[in-house]
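In structure tokens, the next block holds one chain alone, the form predicted on its own.
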Amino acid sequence: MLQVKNINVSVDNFKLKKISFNIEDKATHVIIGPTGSGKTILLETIIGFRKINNGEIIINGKDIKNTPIEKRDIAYVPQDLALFPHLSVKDNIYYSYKINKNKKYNKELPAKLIEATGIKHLLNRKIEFLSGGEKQRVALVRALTSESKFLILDEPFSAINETTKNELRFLLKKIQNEFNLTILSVTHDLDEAFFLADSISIISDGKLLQTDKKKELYYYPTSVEVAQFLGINNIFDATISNRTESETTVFCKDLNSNLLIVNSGRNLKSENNRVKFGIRKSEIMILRDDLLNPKQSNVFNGVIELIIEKVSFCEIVVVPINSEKSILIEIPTYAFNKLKLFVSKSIKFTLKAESIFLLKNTD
């Protein structure tokens, strides 16, 4: 188990501030954030490349902040992979054996890793002649021959194509299960984070904005900044007019309407009942007139302003009647074709009451 407790780190003018999170044994925790947010500095601090100002880094009950890098028992795959281009795949994998001759290694482990990653046919090939995906596999095997059960990955799949990324993500899951690894990874790719992670931390400007199980993070972002980072565009100001244990009613001036919210979040407190609410574009339903339920809540009329067609879905920008603020809706392509939607068409849509989440209003 890894515990990071209130660490502060200074690098030139940049600071990591009061960073805390835990990773359970055999779990995967992903740090996600924009470029320059402090992701790599955080990894380098845990590995031992950077000193902390204060705080604790605890692995299996031991504070390692003053432990030398080579004694932290951490396997590391950096973003540039750090493979030796002039050496063969085999020599790269067994490099640690050559420089640590006094250490007793499990000599069966490299063969098992080579078999699991499917690189046996590459052992005599020079690194410079490998594809991006092959290099990733070699770097993973080389890191794990250290026999560490704790693996750190820095943007592991950033420089390869989408098909190879998916193959390697599945491979990493397989390797983790087979060798009982605990993994800490950083990325800026939301899809990758949600596929790999058990829990996720979002970092921005050296601060952790939210740490949660991935489903909790997805359904209950705690701030506007987190919601926007998750790609949620539909965020509105509102005032709470009524609240029970199971439902909340808010008035939204932008939409000139009351809205019902079901199971709206986790003990949100706000001054003067001022909040923000959000809803994902995929959770907004366009309604057919012949199937309209008169008891349906949060129904609006609007006009389609823009249609953005993509491979498997379409994004539709709608301006509700009597509103100057647009709403973004995402629907599958087959539904788009069936509804025969076009720019300037009038539609009815609903903001699903159980899909709206409340956010603190910090304005």
Partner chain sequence: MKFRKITIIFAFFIMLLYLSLIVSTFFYFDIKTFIDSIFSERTLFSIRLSVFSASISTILAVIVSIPAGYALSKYKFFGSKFIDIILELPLIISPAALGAMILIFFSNPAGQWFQEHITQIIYTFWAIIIAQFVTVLGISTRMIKSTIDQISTRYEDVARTLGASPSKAFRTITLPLAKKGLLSAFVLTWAKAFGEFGATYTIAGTMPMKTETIPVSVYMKLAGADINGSIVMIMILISTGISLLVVTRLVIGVSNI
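What you are looking at is a predicted structure, and each value in this text was computed from that prediction instead of being measured. Residue numbers count along the first chain shown, from 1.
Below: the form predicted together with its partner chain, not depicted.
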| item | value |
| --- | --- |
| Proximity of I47 to its partner chain in the predicted bound form, heavy atoms at 4.5 Å | yes |
| Proximity of R142 to its partner chain in the predicted bound form, heavy atoms at 4.5 Å | yes |
| Contact label in the predicted bound form: F157 to its partner chain, heavy atom within 4.5 Å | no |
| Partner contact for Y76 in the predicted bound form: its partner chain, 4.5 angstroms, heavy atom | yes |
| D289, D80, E162, E128 - the one with a heavy atom within 4.5 Å of its partner chain in the predicted bound form | D80 |
| Proximity to its partner chain in the predicted bound form, single hit among F194, F251, Y219, F84 (heavy atom within 4.5 Å) | F84 |
| Per-stretch contact check against its partner chain in the predicted bound form, the hit in 116-124, 68-76, 180-188, 202-210 (non-hydrogen atom, 4.5 angstroms) | 68-76 |
